[in-house]
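Here we start with a single chain on its own, the form predicted on its own, put down as structure tokens.
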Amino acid sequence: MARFAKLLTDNDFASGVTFYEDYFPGDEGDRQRLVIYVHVGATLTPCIVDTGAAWCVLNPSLAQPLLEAERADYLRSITYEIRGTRYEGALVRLDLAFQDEISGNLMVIDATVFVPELRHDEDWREPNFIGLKGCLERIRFAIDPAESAFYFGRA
């Protein structure tokens, strides 16, 4: 790790690192994932890094309190497909924070996320995703699979 980390930090590419897991909590089967923990408001939550996803996707129970506290902004309603299922919901702007596991410092970014709209009797069963558009495109990131390390920095 030292050589790769030194290359990234000495050249100001990355300002932090978090170590990822290869499964999402509660996933069944043998699915390989790249799961990092990010701060959504005061909640540290697992998110699958998905460079093929247009938007981040958050469980409504994470985003709704931020909307109610005016710490997130409603942008517009959209229909978005997740794992082959179409969901109605909203694009929302809010802060996501990546925490450097070595120093404890946070890198906060203004992200655009999709928040599905649920019926009263419906529970959200999908994982949270960190997508390319509105989030990963706003940072620099690199992955070192030998160390399960996700490096990040300001773009």
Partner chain sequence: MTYATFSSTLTFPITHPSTASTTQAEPDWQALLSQHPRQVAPAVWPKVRHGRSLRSIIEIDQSTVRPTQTPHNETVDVTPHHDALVQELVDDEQLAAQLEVYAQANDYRAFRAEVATMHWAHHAPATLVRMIKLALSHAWLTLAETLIEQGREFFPHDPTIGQIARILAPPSITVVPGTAPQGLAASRMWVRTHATAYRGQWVAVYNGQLLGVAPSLDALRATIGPLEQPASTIITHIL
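Positions refer to the first chain, counted from 1. By rigid core we mean the largest C-alpha set that fits within 1.5 Å across both forms. Every value quoted in this text rests on a predicted model; they were computed, and no experiment measured them.
Another form exists, predicted in complex with the partner chain; not displayed. Remarks below refer to it.
Asks: Taking the partner chain as it sits in the predicted complex, is Phe24 in contact with it (heavy atom to heavy atom, 4.5 Å or less)?
Replies: Heavy-atom contact with the partner chain at 4.5 Å: present for Phe24.
Asks: With the partner left out here, check for me: in the predicted complex, does some heavy atom of Thr85 sit within 4.5 Å of the partner chain?
Replies: Thr85: no, not in contact with the partner chain in the predicted complex.
Asks: Answer yes if any heavy atom of Phe19 is within 4.5 Å of a heavy atom of the partner chain in the predicted complex; otherwise answer no.
Replies: Output for Phe19 is yes: heavy atoms within 4.5 Å of the partner chain.
Asks: Should Asn105 be classed as touching the partner chain in the predicted complex when contacts are defined as heavy atoms within 4.5 Å?
Replies: Answer yes; at least one heavy atom of Asn105 falls within 4.5 Å of the partner chain in the predicted complex.
Asks: Can all three of Leu62, Leu91 and Gly134 be found with a heavy atom no more than 4.5 Å from the partner chain in the predicted complex?
Replies: Yes, each of Leu62, Leu91 and Gly134 comes within 4.5 Å of the partner chain in the predicted complex.
Asks: Heavy atoms within 4.5 Å of the partner chain in the predicted complex is the criterion; list the residues of 36 to 64 that meet it.
Replies: Tyr37, His39, Ala42, Thr43, Leu44, Thr45, Pro46, Ala54, Trp55, Asn59, Ser61, Leu62 sit within 4.5 Å of the partner.
Asks: 2 Å or more on the CA of Ser77 between the shown form and the other one, with the rigid core superposed, yes or no?
Replies: Yes, the C-alpha moves 2 Å or more.
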